[in-house]
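Single chain ahead, by itself, as structure tokens, in the form predicted alone.
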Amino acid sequence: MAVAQAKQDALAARLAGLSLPQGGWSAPARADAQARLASMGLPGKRDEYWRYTDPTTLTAAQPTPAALFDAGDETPLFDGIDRVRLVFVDGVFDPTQSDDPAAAGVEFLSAGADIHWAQGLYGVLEARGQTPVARPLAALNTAAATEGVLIHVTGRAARPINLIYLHKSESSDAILHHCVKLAPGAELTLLENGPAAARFNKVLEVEVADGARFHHIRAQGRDHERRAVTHIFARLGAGSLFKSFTLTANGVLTRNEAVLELTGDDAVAHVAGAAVGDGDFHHDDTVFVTHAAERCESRQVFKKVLKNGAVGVFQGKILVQPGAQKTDGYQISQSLLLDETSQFLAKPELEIYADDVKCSHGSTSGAIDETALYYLRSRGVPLRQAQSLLVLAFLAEAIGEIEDEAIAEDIRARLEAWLGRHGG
């Protein structure tokens, strides 16, 4: 009872600091989220799926201030790509810094607009994702978000859409809720980058209809003191494709959740991440993939490089429902620990109720291969460069999930630069 009361007290304090939106087309979804949230309360350290990550700073009434990071002359990721930029400053859409979304050839509106198709998506996938694991911070997002984008894609988008999150206030507390709906056969590439705010809570709901293709690549900003919890909820139709890759460099606390549901036969879902952390760094990937149709494929590929006491967490599950025959599910989570003070905490899970499936999972932690390091050093490669080469080789499988080779190469270059700044 004491634990439940503490969760309710934390919720009351958090809601007291928010100005909840009223009325509008999303009111029913927000009311439903508030009801679910009231029954759950906010997460606590004793919750099963928060046992490795302390949610206190994510649930506190006020955000912990986060210093702004000066990137110097480093160009932002994706700057070399012809894309449509949609800019948010501390969680507020800024049309003056944004491009005309019509240039992407998609239907775009802000989350405050009245649009009929979004009523069947906003909060719907988030609500489905609450079973069997409660995700209170996602419900809080649906209940409280006042900003976000609604993107409806009916064909192949002419250009990628880039959501850019700028952090200008050391005490900003941003809540964004995005919805993306792809019609049958449609295709979209969504890019995200930037630190967003001192504290950031984001939900991305993606409906991928039959035969549609969705590519998602994001880089979480370098403002080291930032804290973030993000959620992706996706539902895939027959013959559809969903691919998501996340690069994380620094950040005091990051929790990325992905809840994917393959509901149509022959759907493909890949979710991957590469994280590098030095010192006061805690990074948590929590993934739940449900196979509910035949001949579907899923891949979870997560790699973390940790040093100076950094902590990495992976919680991943593949659920194969009855009748989901010919499922191909693959899950790998690995860490490279560059010293004896860093930690990697993993909880891989398989739950299978079909008898004709191919599912595997693996999780490993280790140091740099001394034999490989010796081989490079014996051929004249300097120590730091040799270490960097081996780290990049370790991360290669995750980066390989990016189909656009130009973006993949840019990410490799930025990881190499990060390793150079942090001593290999």
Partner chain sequence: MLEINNLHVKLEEDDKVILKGVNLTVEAGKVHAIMGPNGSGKSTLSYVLSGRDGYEVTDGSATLDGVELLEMEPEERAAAGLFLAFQYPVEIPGVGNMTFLRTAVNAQRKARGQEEMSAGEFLKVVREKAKALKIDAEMMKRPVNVGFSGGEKKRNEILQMAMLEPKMCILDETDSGLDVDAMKLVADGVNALRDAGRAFLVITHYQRLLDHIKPDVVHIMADGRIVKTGGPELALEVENNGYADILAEVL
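Numbering follows the first chain given and starts at 1. Keep in mind the model is a prediction, meaning the values are calculated, not measured.
The same protein also has a form predicted in complex with the partner chain, omitted here; what follows describes it.
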Which of 27-35, 49-57, 358-366, 385-393 sits within 4.5 Å of the partner chain in the model of the complex, heavy atom basis = 385-393
Mark K45 yes when one of its heavy atoms lies within 4.5 Å of a heavy atom of the partner chain in the model of the complex, and no otherwise.
-> no
Indicate whether the partner chain has at least one heavy atom within 4.5 Å of a heavy atom of L376 in the model of the complex.
-> yes
Any chance S39 has a heavy atom within 4.5 Å of the partner chain in the model of the complex?
-> no
Would A67 count as a contact of the partner chain in the model of the complex, using a 4.5 angstroms cut-off between non-hydrogen atoms?
-> no
